Every structure is written in C-alpha cells, then in structure tokens.
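A single chain, nothing else alongside it, follows as structure tokens in the form predicted on its own.
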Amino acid sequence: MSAEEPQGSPARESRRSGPHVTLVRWMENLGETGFAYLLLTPVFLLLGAVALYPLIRTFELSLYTGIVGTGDPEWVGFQHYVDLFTGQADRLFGGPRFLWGEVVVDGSFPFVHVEGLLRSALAVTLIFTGVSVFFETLIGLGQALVLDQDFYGRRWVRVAIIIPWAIPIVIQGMIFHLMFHPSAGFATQVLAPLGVVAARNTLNDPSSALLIVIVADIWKTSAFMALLILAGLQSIDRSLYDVAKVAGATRWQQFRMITFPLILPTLGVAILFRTIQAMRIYGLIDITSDCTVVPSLSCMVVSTFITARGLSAAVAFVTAGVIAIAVAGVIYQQYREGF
C-alpha cells in the first residue's frame, strides 16, 4: 500500500471486494467433494447438450405423427406408446412384434411360446443383451486373469486377444454370414448334426440366427471386457497377495477375498458400457442375418423411421428407458458397494 492511500480508502476496499474476489473466496470455502463437482460442471453441461437434448427431442417427436417444425404435424399424445404396448403397431413392423406373442394357458400355468419370444423385438433385445454380456464378462475376466500373469510372450498374447475387437462390424458380420451361408459356409455342416443350428436356411431360422449373432458379438467384444478388467487387476497392490501367501491362502481364496472385491467397481463399469452397447444392437444383425429374422429395438427404429417417424421415435425413447433402468441398477449396486 502506498503512503498516499489511507487504510480505509476506496482503492484498498476495491481490492478486498468485487465479483472475482467473492468467487475465489467461495471456491476456497468449498469442500473436496464440492470442488470436484465444480471441476466436472463443464462435462455435465456438455453431456446435457449432447445426450439430454436429443433425448428430449426424441420424446417430442414421439408425440406427433410427422416431423416437428416441418409442415403441420398431427398431435397424437401418447398414442404411439399405447399402440406399442397393445400390439396395434405390430402391423407396421412387417412381421416382428414389439412385445412377445399371446400368453398361452396350459392348465393353470401360463407361458409364452419360444417362437413368440423370438418374434418380439423387446424380448430378443433383452435375451441378446443378457446372454452376450454374461459370457463376455466371464470370458473377458478369464482373459484378463491370464494376461495379468507374468509369462514369456505376454505382449503377443495381448495383441492376439485385441485383434477381434479391432475388426470392423461389417467385416465381422460378413465373416459369420459366410461361415453359415448355405453354399459357401462350412459351419452349418459341422454344427447341424449336433443339433446346435438348423440344418437348412440357418441364417433364416430365428433361433439359429440369434445364436449366431450372439456368438459373433461374444467373439468380438470379449477383448473389450478383458482390457477394462485388466486395468482394474493391475491397479491392485501386489503386496496383498504376498501377505495372503504367507497366511497360507489358496489361489481361490486370494481371488475371492482380494481380487474379486477390488475389481468389482471396474467390473460394474465394464458391464455398464457393454449393456448400453448391446441394447443398441443393429449393424451386426443386419449384416449377419436380417432384422426380420432377428428383430431388435434398434431394427424397429430404423425400419419405421421413414414411414412412421413418430412411432420410430417412440420405440427409440422406450429403448432409452430400458437402458436407463439397466444403468440405474448398476449405479445403485455400485453405490451399495461403496457404502
């Protein structure tokens, strides 16, 4: 402070106050959690602009029969959702249904025919997601446990495991399409006598085609799960295993008491990512078989986008809702594990 400026002068007071000083003091008073959320605010705003706005726009489109903002779209409210869940919109999908077929009552026990489930886009999507994510997690965990060991040639084994994941979906779909092609394929001749797939028109049989698509997805995406789980394995403190060995713990006890609990958060994130991707399956089905043989929710969105965009938006919004339920379940499980 210069000699000309008295202690209570306006110049000195301006240095102690003002919007910038108030902001700095507010940030200094934040706790660690509050400051972390402050740093993440730009990310939240970006995600809101990229993800939340399209979701809101999709819901708005589902309330009209046309395109909002062009011409004179007709307001129908929630009619598209009513048509989906009552079966009135099934005629627009060319064979596949949104929900499964009618429930058949045999005595006192109601059940749904397998053929009805395989014609339902919602059921096929859930079956594909559940089976593929389960086996991808299991195989990926096994691959990660192998890659976490120190052995000669580990680098080359890692490259070999990553190769399927690096193959584009178009090439991946064509590989499995040609493997089960009636004239050019060889896999049908090997698996059909064992009863695994249909002997004729394998790619046009709903159960066989769904199995082929699931195997193709597992073959490609297990490496993705392995890489994520491997990152969690390599973050574990190795001294914990030394202490366990001194205590006489077996390998299974080390895995159950040390490895699995510590990689559980990473495992949850990996399952979350794969579930979101699996729920949006379209390209692999369209290339390997056909969307009319193996229907999915994304297939219905694409097939009705030109002719019935409001209905297409409704299916897309329902798909987002199913994904949100799965994401909320994983996040809740992670929250319980954290506390």
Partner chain sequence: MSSESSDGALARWTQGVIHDDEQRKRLYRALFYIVTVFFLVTTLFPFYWLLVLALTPSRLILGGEWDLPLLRPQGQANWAAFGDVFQQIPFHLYVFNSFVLAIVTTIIVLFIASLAGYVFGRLEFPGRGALMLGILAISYFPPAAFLVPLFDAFTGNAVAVPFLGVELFQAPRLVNTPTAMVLPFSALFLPLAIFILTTFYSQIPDGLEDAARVEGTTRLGALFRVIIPLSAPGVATAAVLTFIAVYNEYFFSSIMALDNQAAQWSPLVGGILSYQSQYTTDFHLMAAASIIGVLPVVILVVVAQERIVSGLTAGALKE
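Numbering follows the first chain given and starts at 1. Owing to the predicted nature of the structure, the values given are computational and were not obtained by experimental measurement. By rigid core we mean the largest C-alpha set that fits within 1.5 Å across both forms.
There is another form of the same protein, the form predicted together with its partner chain; it is not shown, and what comes next is about it.
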query: Heavy atom of each of 159, 190 and 227 within 4.5 Å of its partner chain in the model of the complex; finding: yes
query: Segment assignment from 194-202, 236-244, 207-215, 173-181: heavy atom within 4.5 Å of its partner chain in the model of the complex; finding: 173-181
query: Non-hydrogen atom contact residue 85 with its partner chain in the model of the complex at 4.5 angstroms; finding: no
query: Heavy atom of residue 77 within 4.5 Å of its partner chain in the model of the complex; finding: no
query: Partner proximity in the model of the complex: residue 259 to its partner chain, non-hydrogen atom cutoff 4.5 Å; finding: no
query: Residue 219 within 4.5 Å of its partner chain in the model of the complex, heavy atoms; finding: yes
query: Neighbours of its partner chain in the model of the complex among 264-297 [non-hydrogen atom within 4.5 angstroms]; finding: 266, 269, 273, 276, 280, 282, 283, 286, 287
query: Yes/no, residue 34 Cα shift of 2 Å or more between the shown form and the other one with rigid core fixed; finding: yes
query: Residue 283: Cα shift of 2 Å or greater between the shown form and the other one (core-aligned); finding: no
query: Exceeds or equals 2 Å, Cα of residue 306 between the shown form and the other one, core fit; finding: no
query: Direction of Cα pair change residue 306-residue 47 in the model of the complex, magnitude 3 angstroms or more; finding: closer
